[in-house]
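A single chain, nothing else alongside it, follows as structure tokens in the form predicted alone.
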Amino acid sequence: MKERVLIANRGEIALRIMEACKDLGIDYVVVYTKEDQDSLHVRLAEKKYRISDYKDMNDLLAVADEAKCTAIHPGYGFLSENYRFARRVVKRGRPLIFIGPSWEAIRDLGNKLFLKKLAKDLGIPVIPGTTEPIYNEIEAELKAEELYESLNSEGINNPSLLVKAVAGGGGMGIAEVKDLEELRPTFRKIKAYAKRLFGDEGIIIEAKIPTLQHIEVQILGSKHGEYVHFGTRNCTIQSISKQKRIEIAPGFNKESKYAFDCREAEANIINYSLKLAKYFKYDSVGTWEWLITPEGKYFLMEVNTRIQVENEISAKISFVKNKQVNLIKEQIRVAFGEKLKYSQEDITFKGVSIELRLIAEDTQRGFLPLSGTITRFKWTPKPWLTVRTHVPQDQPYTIPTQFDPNLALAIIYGNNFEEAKKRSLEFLNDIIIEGYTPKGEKLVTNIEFLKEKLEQLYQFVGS
């Protein structure tokens, strides 16, 4: 029977998965909600089903059965890192292929405390701090005191600590402590917040890395025990709530001067990432996220067990036997049990690629997300430019209020960093996004913010 993939997502990632399936000769079916009926992923799909919610497991599996799908691709966000969904997909009466890693890997790598403890046991550097949840403020104070002493002994003067809810994420349930006197009241506040918001009072305490770059390692594993990497990315340019806005590959500027050997640091974090991938028998695409300091210290932060929004900038600079790679196609191939048919020695890297996230948001008002209607959306095609968007160019488009107001991704390629940066600015000066808010005001985007931040690529920033 021919494979058929249910694309359990929306927007530009749904479009990219559709494109990958077509290239591989695989049938696909898309889903959409009422709010997304004008999205290009709906217009361009031949087989589509309306559902109530992209997170409704029952709706998605009912469509999969109705459409006789053999696999589900979760994209990113929504259910992509929900191990219960992945487990249900593969263990149900009519099992399907989950296009991602095993549900056990999603569960274990998604548990930040478990990951931190395991990485530490494997000799992989992690952010200094506790590896077990704390529920008692006296114990919290003792642990904080031990951590202060440890950091001071390493020559880190006046360090700050972060009090974090175990179940938190996306910048929620976290507060900074600058001295021990602040610890107990802060602990009580975050504990109460965590209980109210997440239903879990567990707290961890970590050192705050004051100045850093955010580096990612792109890994691919197969069901045949094959492992390769597609280099690194730099995702340091973010919003105030730590949401990525510009990414660049490779993760280090080899032409720049660092206070450490950046090639050695890159090789080390890649090797550590592969070590952890092999430990879990990781059999899909995945991203290992690291923080690196100006002195060259690096710490594993987390693992994303899905395709990343920014996967294409890695693909643009990665060549397998002199042919540019497509990471979504590779993800689908290995999910269906295919071998890679190449090794690390067959992969070469060339050039620099930048991704710009175009979003309807007011960066002057705390990156406030905006809704409204886009009346004009236009850019000039270039051979070095790829624009990924679900927004039509031939008719007005109303931004759904139910989702993040992401409008497009611009992926720019250059032979070197300066060329990629220059082309990125050329694109930002050229693109036109016009529209109005529900109040009739001019719709604002983050284009000016992106222009400004292009100058800060590869720089260390305060956290």
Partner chain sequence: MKIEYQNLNLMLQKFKANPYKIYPVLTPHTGYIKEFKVKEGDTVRGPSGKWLEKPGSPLFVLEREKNQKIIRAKINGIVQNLRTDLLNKFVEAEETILEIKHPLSQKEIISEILLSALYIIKAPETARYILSPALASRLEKQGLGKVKVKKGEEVLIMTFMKRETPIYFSEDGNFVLYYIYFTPFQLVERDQPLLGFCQEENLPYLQKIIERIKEEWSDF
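Numbering follows the first chain given and starts at 1. Keep in mind the model is a prediction, meaning the values are calculated, not measured.
What comes next is about the form predicted together with the partner chain, which does not appear here.
Asker: Quick check: do N58, S371 and P438 each get a heavy atom within 4.5 Å of the partner chain in the predicted complex?
Answerer: Each of the three qualifies.
Asker: Only one of R376, R84, R92, R196 has a non-hydrogen atom within 4.5 angstroms of the partner chain in the predicted complex; which is it?
Answerer: Looking at R376, R84, R92, R196 one by one, just R92 meets the 4.5 Å heavy-atom criterion.
Asker: Go through I411, V63, A420, A45 and name the one with a heavy atom inside 4.5 Å of the partner chain in the predicted complex.
Answerer: Flagged contact: V63.
Asker: Contact with the partner chain in the predicted complex for N415, defined as at least one heavy atom pair within 4.5 Å: yes or no?
Answerer: Contact check for N415: no, nothing within 4.5 Å of the partner chain in the predicted complex.
Asker: Mark Q402 yes when one of its heavy atoms lies within 4.5 Å of a heavy atom of the partner chain in the predicted complex, and no otherwise.
Answerer: Contact with the partner chain, yes.
Asker: Please run the contact check for G225 against the partner chain in the predicted complex: heavy atoms, 4.5 angstroms, yes or no?
Answerer: G225: no contact with the partner chain in the predicted complex.
Asker: Would you classify V29 as touching the partner chain in the predicted complex, given a 4.5 Å non-hydrogen atom cut-off?
Answerer: So V29 does not count as contacting the partner chain.
Asker: Can you check 360-368, 105-113, 283-291, 314-322 and let me know which stretch has heavy atoms within 4.5 Å of the partner chain in the predicted complex?
Answerer: In the other structure, the partner sits against 360-368.
Asker: With the partner left out here, which residues of 33-58 have a non-hydrogen atom within 4.5 Å of the partner chain in the predicted complex?
Answerer: K34, K48, Y49, R50, I51, S52, D56, N58, in sequence order.
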